[in-house]
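Listed next as structure tokens: two forms of one protein chain, kept apart as structure 1 and structure 2.
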Structure 1
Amino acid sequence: MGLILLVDMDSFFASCEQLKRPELKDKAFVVGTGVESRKEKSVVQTASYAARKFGIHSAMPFSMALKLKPDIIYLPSDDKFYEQTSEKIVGLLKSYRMKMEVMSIDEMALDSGTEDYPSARMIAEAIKSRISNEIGLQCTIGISTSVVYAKMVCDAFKPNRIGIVKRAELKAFLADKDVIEILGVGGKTKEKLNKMGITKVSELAKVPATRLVDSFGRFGAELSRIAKGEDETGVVEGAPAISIGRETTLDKETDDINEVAGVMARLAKEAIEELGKRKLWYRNVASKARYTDFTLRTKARRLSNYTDSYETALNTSTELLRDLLSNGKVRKVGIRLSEFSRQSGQAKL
């Protein structure tokens, strides 16, 4: 495994909106989860850098953003355009013929194939330049020895920069990081670690791995390796380059699947209709839920075959969402279809 390059698009949704509307440059605006008529009940998905100066950030209720800046510009999320732009970025990165993992709509991990830091930086500079010139967007690229560390480097160097942390520098780099900055650590894990008296990665590194395994299972062993600078998470190929998803903010918080059944039916129908327009079959179904504390969880299932079935999408996503609801009340739900094949005959159920 070579050095890992983590490409993270800067303020992706907001930047995509500026591509469509250049007059938004340097303006304070947010991209929200709801349509214009329901913006007061929406949640901020991303905020422009101008808006962030007022303390506005993602996962913030738009009503709070309005209090911070009453004339903030609100834009409803344009998922289709964001997905199309992401596909262009993925296509550009594929031209480098490196092992690649699409981690999310705006994050891609690449195995550089080299352990030479100057060479990895040259690759990163070329990628950054092409994304800027050919697509018109800015990105930050983190370079380190594993996907986990490259992601943390990327976060530390944002926005619009290239950051490198060498193997010998990892312990010093990690020491003062909050545990929430570790890839895979969410609000509940952070809370549990804090109750154990662990707030910094340096403190986590001193905890016996057996204690962490007792508290977090297999993830505990992973946490121990990460904290000690020993993580070797590499790029996993095969992640879907594109996905089709729909999500919405609920009228009220709930943990009752019956209360969101109609919402899931509508979201699944919209996703399947989009799938039909692109003449695709899917094989992977995922449900997502954002809880009342704004943490986000996703649960996915890979089917035994490709299909274009609405019923399969609805039944699978509902079953997955039922499991997610067992963890608490949610304010937002969604469905995402991925792992596609071009239609070439009769889809099988």
Structure 2
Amino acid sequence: MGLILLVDMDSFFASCEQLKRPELKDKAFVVGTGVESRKEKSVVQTASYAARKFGIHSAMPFSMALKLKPDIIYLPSDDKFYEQTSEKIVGLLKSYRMKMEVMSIDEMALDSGTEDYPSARMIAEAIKSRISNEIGLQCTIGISTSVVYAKMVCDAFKPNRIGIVKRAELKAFLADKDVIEILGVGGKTKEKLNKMGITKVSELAKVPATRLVDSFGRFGAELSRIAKGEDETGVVEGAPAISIGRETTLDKETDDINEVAGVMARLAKEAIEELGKRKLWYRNVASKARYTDFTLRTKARRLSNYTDSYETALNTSTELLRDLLSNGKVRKVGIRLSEFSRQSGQAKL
């Protein structure tokens, strides 16, 4: 494994919108989930940099963004366009013929194949200028000895820069970081660590690995390695999907299966389309419901055979949802397909 380059697009969705509408440049706006008419019930997916100055950020309810900046511009998410743009970027990166992992719609990890820092920097500079010239977007590239560290370097250098942290500098780089900055550590894990008296990565490094394994299982061992600068997570090419799902919030809360039939049909159709793109068959269908009190429940069924049938997906998910609706009114419904087989028949996972 060579040095890892982690390419992360800067405020990707917002920047895509600026590509479509250059007049948005320097404007404070957000790209939110859901259509314009339902923006009060939506969440910020990406805030433009001008909007971030007001404290607006991803995952923030749009209602709160409005309080921070009453004249903030709202744009509904144009997923198709972001997807197309992402594919262009992936295509551009593929031309470098390095091992690549598409981590998400706006994030790709590359194995440079070289241990030489100046060489890695030159590659990163070339990539960065090509993305700028050919796509018209800015990105940040983090370079380090593993995917996890490259990601953390990328975050530290955002936006619009190339950051390098060499093996010898890793300890110092990690030491003063808060544990929340570790890839895979979210709010819950941070709280648990804090209760153990651990706030900084340097403190995490001093805790015996066995203690972390006791509290966090497999992830505990990984946490320990990361904290000590010993992580060696490499680029995994083309990791297969484990599940494909679609969900949406309803216009009106209901416990009537007939009122959500149309919505389920659309979700099932979209999920099956995605499945078809990846040439997969499924054997498990799950339905999901978020109730008015915000509790979440799912119900799943395994089929006797692999299939790519839309009707089976719709009929099964509707049946499962009917069950979920007997518990009360719901605000959101979803479908998820899993347990895949490549194309037809009996092939094992």
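Just so we're on the same page, residue numbers count up from 1 along structure 1's sequence. Each form is matched to the other, and the largest set of C-alpha atoms that superpose within 1.5 Å is called the rigid core. Quick caveat: nothing in here was measured; it's all calculated off a predicted structure.
The form predicted in complex with the DNA appears here as structure 2.
Annotation for residue 16: C-alpha shift under 2 angstroms between structures 1 and 2, rigid core superposed.
Relative to the superposed rigid core, residue 202 undergoes a CA displacement smaller than 2 Å between structures 1 and 2. If you fit the rigid core between structures 1 and 2, you'll see the Cα of residue 26 move by less than 2 angstroms. The Cα position of residue 248 changes by 3.4 Å between structures 1 and 2 once both are aligned on the rigid core.
Fit the two forms on the rigid core and the C-alpha of residue 259 turns out 11.8 Å off between structures 1 and 2.
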